[in-house]
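In structure tokens, one chain follows: the form predicted alone.
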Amino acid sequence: MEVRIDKDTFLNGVQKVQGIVETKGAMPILSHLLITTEKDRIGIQATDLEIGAKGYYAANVISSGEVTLNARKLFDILRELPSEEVHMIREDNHWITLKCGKSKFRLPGMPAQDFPPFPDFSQDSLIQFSSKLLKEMIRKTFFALSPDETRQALNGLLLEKENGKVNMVGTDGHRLAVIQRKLEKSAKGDKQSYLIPKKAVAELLKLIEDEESSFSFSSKNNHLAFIHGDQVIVSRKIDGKFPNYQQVIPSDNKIQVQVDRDVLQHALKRVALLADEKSKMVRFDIQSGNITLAADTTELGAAREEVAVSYSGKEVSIGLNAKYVLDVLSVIDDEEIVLNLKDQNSSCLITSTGDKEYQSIVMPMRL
């Protein structure tokens, strides 16, 4: 095998699949990338047996073949090379020579036939996303996913399609974020639900560069695929059952407090500096015309700040995890947000004045 390829093109391809590579697993081949040739391009492939990613890049293929190379080492080398053509040659016993400018490297590979086969996926699109839409939906729900690996069903985003609309939902049991959007092209039909693993979502975000492009989503057996031009990410579905999130969204939170997002965000950041390290709790005391944010801990001290709001109802107090509220405020694009409350023991529903289709819920903490 012998190939010539632009350094920046090669580096871009390696970078896109770098996050999937399994560096410390029991199978050394999973720390490698599989590089294959076609007529006038190369394929770069990575897998951790749960997720597989593959992309094709223009190259001058002098002779065909396939090689595997340690992903980390290849990435580190390419990153330091000058922006010139890289000349890659496979030698005996799976050794590979890389030449670029005045640099020359010899690297050991592994047998390409040992690399796991790419999962079987469907090319039939179930949902067509614009890159802009997909990025927004992930950005506004991803932060709510559970970091607890043992709670499988909460380790992924729920993707639902029904009647020309698509929903994306993330929750960790203490908070929830749900976004609904209309699809430009979508057949009316029965409700379909898919659970996309956290790692697959994180890798998908890396592929979204140009907001004008599009992604097609497909499902086959127990694999989901996102296809974008010459790139594809295939992931196993999560088996667990996602909680019934509709039950959690409060419908009777009559207290509605309208506040400037930016002002609340900065005030909450300041008060949260003295919140309890573990609970991150800040007390929200809501009166007519203002909210008083307060944190008080024996070790750290106390902080209070008043924020003007548009509200003229009864007084109510609630304890909320400041980090959870800040996570929501950081993804809302509108200037005005609404805190929808019932009492100190009921969840806080956060919405915005300009987007009724995005909702986030934060559970209360005991005052």
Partner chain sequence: MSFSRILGQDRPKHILKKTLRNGCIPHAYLFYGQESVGKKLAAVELAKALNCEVSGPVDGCDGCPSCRKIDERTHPDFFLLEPEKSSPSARDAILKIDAIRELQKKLIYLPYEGQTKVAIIDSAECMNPQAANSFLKTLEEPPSKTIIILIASNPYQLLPTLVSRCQSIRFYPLAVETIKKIITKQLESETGDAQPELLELRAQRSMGQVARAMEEDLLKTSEYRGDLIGLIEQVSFKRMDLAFQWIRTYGRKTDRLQSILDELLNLVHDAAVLKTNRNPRAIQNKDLTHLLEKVANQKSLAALLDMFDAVHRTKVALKYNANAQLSLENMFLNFCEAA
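Positions refer to the first chain, counted from 1. All of these numbers come straight from a predicted model, not from anything done at the bench.
Beyond what is shown, the protein has a form predicted in complex with its partner chain; the following relates to that form.
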The one residue among 103, 125, 193, 152 placing a heavy atom within 4.5 Å of its partner chain in the model of the complex is 152
So its partner chain isn't shown here. In the model of the complex, which residue out of 94, 237, 206, 99 has a non-hydrogen atom within 4.5 Å of it? 237
Would residue 308 count as touching its partner chain in the model of the complex under a 4.5 Å heavy atom rule? no
Can you work out whether residue 197 and its partner chain are in contact in the model of the complex, taking contact to mean some heavy atom pair no more than 4.5 Å apart? yes
Touches its partner chain in the model of the complex: residue 222 (any heavy atom, 4.5 Å): yes
Does residue 111 reach its partner chain in the model of the complex if we count a contact as any heavy atom within 4.5 Å? no
Please identify, from 255 to 263, 171 to 179, 273 to 281, 237 to 245, the stretch that has a heavy atom within 4.5 Å of its partner chain in the model of the complex. 237 to 245
Taking its partner chain in the model of the complex, would 27, 50 and 119 all count as contacting it (heavy atom within 4.5 Å)? yes
